[in-house]
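Shown here is one chain on its own, the form predicted alone, set out as structure tokens.
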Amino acid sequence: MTRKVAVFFSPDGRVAHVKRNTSLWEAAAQAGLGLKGTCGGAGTCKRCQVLVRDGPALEKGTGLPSGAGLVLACQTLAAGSVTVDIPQDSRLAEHKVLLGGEDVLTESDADLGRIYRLQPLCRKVRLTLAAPTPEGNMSDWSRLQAALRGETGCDTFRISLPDLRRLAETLRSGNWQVTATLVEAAGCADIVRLEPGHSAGPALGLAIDVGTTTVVVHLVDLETGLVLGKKGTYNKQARFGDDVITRIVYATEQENGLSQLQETVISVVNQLVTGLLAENGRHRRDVHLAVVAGNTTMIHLFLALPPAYIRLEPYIPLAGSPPPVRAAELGLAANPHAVILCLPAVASYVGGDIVAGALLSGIAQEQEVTLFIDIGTNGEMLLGNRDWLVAVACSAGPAFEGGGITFGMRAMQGAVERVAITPESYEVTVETIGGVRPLGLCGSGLIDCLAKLCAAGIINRAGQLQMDFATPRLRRGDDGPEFVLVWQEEAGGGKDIVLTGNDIKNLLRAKAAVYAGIRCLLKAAELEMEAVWKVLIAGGFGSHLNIRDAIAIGLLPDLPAEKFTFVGNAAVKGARLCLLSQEALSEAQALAKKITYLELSAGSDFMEEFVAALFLPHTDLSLFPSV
């Protein structure tokens, strides 16, 4: 048996018992401590710095003793029991998570979508069966099916082998009264639970949004449609890479990489579900159904489907519309026989989360043209109306989630989300999430900062810092020109928080990719920007955008402010709609087939639009008359 070593984390007071020569990065994860990182443990992003205070530590690859001072946790191995300090700016704190809207989704947002009839996919059916006689001697299973057909109208029923084995005793112990919990979809009903007698117990469901950055769960009473609770947290898969591509690479190239990624996201979902059940005094045996929304890669990782070919031309997923699975197959905190439905994807980079958003928004019922935008590491956009729908996806990269930015971070406590710059003195004031000392900048803060620097003339239209301004905030650092946003004495991490010239280039690339995707959609539909009746912005990042600043840098089209609407976490709301309405689920499945996917890597249009958008706001200023 391999002898384990102890890794102590100070000042947290936590310890991980791991195999000798396990990386400190993996040890921290086992201890429940998240470390920043965007490279999946490759040692290239330099964000997981820790201090080894005591004990033997080795450099990964060389086997040599690690040097003194800060080391990269992913590149340092515990050769024996060690004590480690994690600096504040290396820690992955809790995200500011967008949980989703109102408590009864069938009463949907007044200005969005349709109102669907409450007809949950899961329900309890209470039956009184005729006892068998010498003349009425059909089998117990046939007797149950006949009674269910009379109550439900379904023709086909499925039952698990363990429940079938117990069926005779269940019927007789209830004196031929029985309660069957059914999940109905596509004319077939799965019997997920059988109870003797007429049970009054609850039927609960889960709406789950598995995002690249965050995971959100709603616990729903399927008989009333009421949301009993909502919880969300960051997706701990981030330690394997910040975006879908790095996670696909990790799943494909690392031994047990796919199972690690799946176990990680299932543990996050289970943590949220367990918390919701405890808060509401409910039991996991009463959770009979889950509807899951996520991008195509996240669904593959959630189900442990090999994702390798998603990133290889011609970009084909293993399954766009995966068949239902049982909770026991995933290890989900629910009734083992509970049915797990994943919303269908459109293509490799337009997933069920966008289908859920399209369903929620009612875009397919509108006569006018609507633009739906979900901005993240993978910018996904949908354009159309009731007659046609076209979708694209573009790799915006992790910049808007803080990746590739010197002091970038996700939307968590200490992240700068608002920036103001005084034109005369170039003094900077910032607002942070939680109102605490700043640690870095999240996406909304980065956009705010870029717009304010441009307005003050500190950067030119090409995004270059103008070094001839008389302010100590402009200086040359180790990586070239930089602008000091927060001096070290005012910062939470004890370092000057700066925006470098390279950071600005990364932000310009990200915003250019999104705007180029929008332009390609319009070109494909042969429409001008003015033809867009409204713009719907989804997701946690989008909900904190300053629209005027996003237009000023050329991220969003130059349209009147009243045309923009934030729809929040459309993925989890759409999943909840499908949980509560048979009609909504059927419509979501039809939508996935109706949407035409435009592959931006085919042809030169996207690259031409991308290059043109690498300026503030754009090379073609006629596209931004208000700026």
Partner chain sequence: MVFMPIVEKYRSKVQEVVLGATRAQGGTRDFTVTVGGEAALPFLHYEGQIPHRPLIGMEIWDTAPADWPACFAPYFADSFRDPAVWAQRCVSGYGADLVVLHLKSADPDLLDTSPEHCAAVVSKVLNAVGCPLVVLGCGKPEKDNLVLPAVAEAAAGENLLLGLAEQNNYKSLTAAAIVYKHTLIAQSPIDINICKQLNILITEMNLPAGRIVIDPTTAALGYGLEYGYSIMERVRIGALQGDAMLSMPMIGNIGAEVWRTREATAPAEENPGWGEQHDRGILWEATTAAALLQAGLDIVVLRHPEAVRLIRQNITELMGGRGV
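Positions refer to the first chain, counted from 1. None of the values given here were measured: they were computed from a predicted structure.
Absent from the display: the form predicted together with the partner chain. The rest refers to it.
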| item | value |
| --- | --- |
| Interface membership of W25, the partner chain in the predicted complex, 4.5 Å heavy atom rule | no |
| 4.5 Å heavy atom contact, V15 and the partner chain in the predicted complex | no |
| Interface membership of Q88, the partner chain in the predicted complex, 4.5 Å heavy atom rule | no |
| Close approach of F9 to the partner chain in the predicted complex, 4.5 Å, heavy atom | no |
| The unique member of A462, A455, L118, V125 whose heavy atoms fall within 4.5 Å of the partner chain in the predicted complex | A462 |
| Selected contact from Q466, T224, N175, T264, since only one has a non-hydrogen atom within 4.5 angstroms of the partner chain in the predicted complex | Q466 |
| Interface segment, criterion being heavy atoms within 4.5 Å of the partner chain in the predicted complex, picked from 228 to 236, 466 to 474, 489 to 497, 249 to 257 | 466 to 474 |
| Heavy atom contacts to the partner chain in the predicted complex at 4.5 Å, residues of 586 to 624 in sequence order | E608, V611, A612, L614, F615, T619, D620, L621 |
